[in-house]
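So this first bit is one chain, no partners, the form predicted alone, shown in structure tokens.
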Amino acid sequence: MSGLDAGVDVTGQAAAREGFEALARALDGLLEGDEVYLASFSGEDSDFVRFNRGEVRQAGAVTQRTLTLDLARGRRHASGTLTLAGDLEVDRPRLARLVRDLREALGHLPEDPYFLYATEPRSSERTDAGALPEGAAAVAAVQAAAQGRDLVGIWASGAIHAGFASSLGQRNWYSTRSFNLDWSFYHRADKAVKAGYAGFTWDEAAFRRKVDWAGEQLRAVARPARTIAPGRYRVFLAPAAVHEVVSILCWDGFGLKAHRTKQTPFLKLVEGEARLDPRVTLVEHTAGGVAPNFQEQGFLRPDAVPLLRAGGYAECLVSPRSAQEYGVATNGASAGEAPESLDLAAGDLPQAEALARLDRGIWVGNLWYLNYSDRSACRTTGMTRFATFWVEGGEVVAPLDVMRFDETVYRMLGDNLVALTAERELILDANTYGGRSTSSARLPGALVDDFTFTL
């Protein structure tokens, strides 16, 4: 591929920051008395391309900016959000109206006993330009990858911005550029191969490896499907499947409030009744993700917060509200206290040897429809999806029809964990509702014994 635009959008990133700073200066002049404001800015400059049968079906660009304002007086506070025009002369009077509306609301609101915001200003700046392909080059690469196959998917790339400002003088800015190609090679009916390639710097060789592997799976998917009986099987969970398992653990798995109210699915782990394999170490790695390193009350996030360490529970994510309620220090978690930049430590199994080590069993490319079947036991259930294969002698024999699993994480990532791959995959959330998601995960694949399929 030719045409990497590394650094080309730095001017656009600078313009976004200047617009944010101008809004903060305007807010500084709108306060009265002992009022305090907390302002959170978000925005993106994104290109999107939708593909079907390897051809462009829709292409476009999105530029959007929003500002969420929390106006406080003591422990009373009210918030509202503006979609910005990007023109200060247009946005300034709209911002003034929002401040007046919030000021009026404050007189009718009770005090919030758990309201907490950063009172010691700690400003920060992070701008990453990345090395993304130009739009035409990205389209050409995807079309070349299709090579007559039915490739369907979406390309998203560009800059994501976030900012925080307070009347106490704090200013935080974050802007990063990334790309995400979420695609499938479709065969027929429910038979397809799903793949993805995402990151901050385009690597043509890495992309070709993903395309070649997806092509191999597509040829295997075309074989007659096989149905096997429910039971326990040796499985290899590809990184995308591991991502689904780890993602469900984020449902109250790591937040302080869920722990204090005993709603966490890791209750047995926390209370010493169960452990995971010592090779399992999971970190909220903000420094390596797409999410900003600060949150909406102005607290900075550490580069890394260990969540699971050597098979045991490490630390909770603590939002300002939980910090205030339970009398502990916050570590910059957002209100939901869910990880946004997951990082599961690698193992020592070379990816190239995964099929051979699996030997006889099931290769699981993807999982979906996950839920808890027994939350207190950290037991999950879900369905296989897309490329799932029966393997014998380290070779793919046939695609498998859809199956349901029901298994505890203590077995998957504990007693029955055989190995984690040495290579890991960066997975960026492809969600674009309201804006491109900033959730990410870097994960290995997992070889697991006695994995339970119920139908």
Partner chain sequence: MLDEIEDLYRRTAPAGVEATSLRYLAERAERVAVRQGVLEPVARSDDAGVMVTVLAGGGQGYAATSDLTEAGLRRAFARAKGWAEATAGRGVVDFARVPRSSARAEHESPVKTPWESLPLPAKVDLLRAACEGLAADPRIVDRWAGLVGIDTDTLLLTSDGGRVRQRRRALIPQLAATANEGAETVRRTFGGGAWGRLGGLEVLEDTGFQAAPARLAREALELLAAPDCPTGTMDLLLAPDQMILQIHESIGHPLELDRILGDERNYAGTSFVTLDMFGSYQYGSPLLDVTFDPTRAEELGSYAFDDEGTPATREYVIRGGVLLRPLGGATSQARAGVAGVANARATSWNRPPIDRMANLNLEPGDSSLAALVGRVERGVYMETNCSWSIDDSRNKFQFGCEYGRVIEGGELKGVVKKPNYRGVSATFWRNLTGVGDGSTFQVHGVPNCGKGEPNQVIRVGHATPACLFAGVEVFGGAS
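All of these numbers come straight from a predicted model, not from anything done at the bench. Take the two forms, find the largest set of C-alpha atoms that superpose within 1.5 Å, and that set is the rigid core. Positions refer to the first chain, counted from 1.
Not pictured, yet referred to below: the form predicted in complex with the partner chain.
Undergrad: Any of the heavy atoms of residue 65 lying within 4.5 Å of the partner chain in the predicted bound form?
TA: Residue 65: yes, in contact with the partner chain in the predicted bound form.
Undergrad: Check whether residue 113 has any heavy atom within 4.5 Å of a heavy atom of the partner chain in the predicted bound form, and answer yes or no.
TA: Yes.
Undergrad: Determine whether any heavy atom of residue 286 comes within 4.5 Å of a heavy atom of the partner chain in the predicted bound form, and answer yes or no.
TA: Because no heavy atom of residue 286 falls inside 4.5 Å of the partner chain in the predicted bound form, the answer is no.
Undergrad: Residue-level question: is residue 358 within 4.5 Å of the partner chain in the predicted bound form, judged on heavy atoms?
TA: Contact with the partner chain, no.
Undergrad: Pick the stretch from 302-310, 198-206, 263-271, 217-225 whose residues have a heavy atom within 4.5 Å of the partner chain in the predicted bound form.
TA: Of the options given, it is 263-271.
Undergrad: Using heavy atoms only and a 4.5 Å cut-off, determine which of 128, 101, 348, 125 is in contact with the partner chain in the predicted bound form.
TA: Answer to the contact question: 101.
Undergrad: Identify which of 232, 210, 279, 385 has a heavy atom within 4.5 Å of the partner chain in the predicted bound form; exactly one of them does.
TA: Selected option: 385.
Undergrad: In the predicted bound form, does each residue in the set 148, 239 and 389 place a non-hydrogen atom within 4.5 angstroms of the partner chain?
TA: No, none of the three is in contact.
Undergrad: So which bits of 16-49 sit within 4.5 Å of the partner chain in the predicted bound form, heavy atoms only?
TA: Heavy-atom contacts to the partner chain in the predicted bound form: 46, 47, 48, 49.
Undergrad: Rigid core fitted, is the C-alpha displacement of residue 134 between this form and the one not shown 2 Å or more?
TA: Yes, residue 134 moves 2 Å or more.
Undergrad: For residue 390, does the CA position differ by 2 Å or more between this form and the one not shown when the superposition is done on the rigid core?
TA: Shift at residue 390: below 2 Å after core fit.
Undergrad: Relative to the superposed rigid core, does residue 51 relocate between this form and the one not shown - that is, does its Cα move 2 Å or more?
TA: Yes: residue 51 shifts by at least 2 Å between this form and the one not shown.
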